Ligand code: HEC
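Take a look at this one chain, the form predicted on its own, written out in structure tokens.
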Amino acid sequence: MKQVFLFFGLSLLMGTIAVFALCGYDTTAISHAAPVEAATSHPTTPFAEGCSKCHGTEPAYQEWKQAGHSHALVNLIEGPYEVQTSCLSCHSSGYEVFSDRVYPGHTYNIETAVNAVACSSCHSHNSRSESLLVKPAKKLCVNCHKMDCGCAGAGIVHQSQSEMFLGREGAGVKRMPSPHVRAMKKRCVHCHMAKEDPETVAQHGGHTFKADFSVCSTAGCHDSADNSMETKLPQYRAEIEAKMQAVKTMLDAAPNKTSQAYLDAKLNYDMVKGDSGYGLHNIPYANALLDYSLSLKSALE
């Protein structure tokens, strides 16, 4: 009987390892893991992704190494907010896989996580979709780039790209979607992954996810001479930052920081700040939010 249980146990273990190998996870890491990011005190883990073994020399992987996603786990741990295990759903690949299916003694949590936002957050060899995406491109980014994740704590706007882009959830301002919502069928990737040559390692676009504003004119959307985004964006930013400073001064001086007027003014300020620091994804909406906050000055005094 003992031999039967031993055989069954070994078979189950080997089968589980085979599943993770097929999913791109480094099964050799069970005994000698080399963490993707040095963010764990545990020297051994079955969780480290093994995508680099096959894709490490490809342009997409080399670009990813330049991306903020490759530092997401370290940024979480070293960041200003109280870290919770649930934060890993956005800051670390593998959380959703291992949260329900784990090795005994190797629970996937903030102490054992080693992956940044890596390949499996977006791709799976089991997918039948274009580029092996786990979800349509227009839905992938908004999973995490939104202000209601709750990761930073109740009432704290961690980031707000989705809400700003769609022009919603602000206080005292009607819904105002960015004009790009209709123009960009694939939403975020239209700008953030635009790349001329797929075979080269790009400094912008591709899997760096760094928007290159020259695409605004080369894509035929904006006239390169009269409507250059390289010229306009610094102007937009200066205008927004001046209003943000005025709102912050007003908020800091408010005697009652629990009033509805204060909470509304602060929500709008936090939304603009949570979107690249100055509401980059929807400048008209950012201006409207800050203008409404400034209109509340007398109510805050």
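When you see a residue number, it is the position in the sequence shown, counting from 1. Here, rigid core means the biggest group of C-alpha atoms that superpose within 1.5 Å across both forms. All values derive from a computational prediction rather than experimental measurement.
Another form, the form predicted together with heme C (HEC), is not on view; read the next lines as being about it.
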query	finding
Interface membership of L280, heme C (HEC) in the predicted bound form, 4.5 Å heavy atom rule	yes
Interface membership of A113, heme C (HEC) in the predicted bound form, 4.5 Å heavy atom rule	no
Touches heme C (HEC) in the predicted bound form: E49 (any heavy atom, 4.5 Å)	yes
Close approach of V97 to heme C (HEC) in the predicted bound form, 4.5 Å, heavy atom	no
The single option of V173, M229, L140, A202 touching heme C (HEC) in the predicted bound form, heavy atom within 4.5 Å	L140
Sequence-ordered list of residues in 156 to 188 near heme C (HEC) in the predicted bound form, where near means a heavy atom within 4.5 Å	I156, H158, Q159, Q161, S162, F165, H180, M184, K186, R187, C188
Large Cα shift (2 Å or above) at S276 between the shown form and the other one, core-fitted	yes
D197 C-alpha relocation of at least 2 Å between the shown form and the other one, rigid core basis	no
Displaced residue check between the shown form and the other one: E82, CA, 2 Å or over, core reference	yes
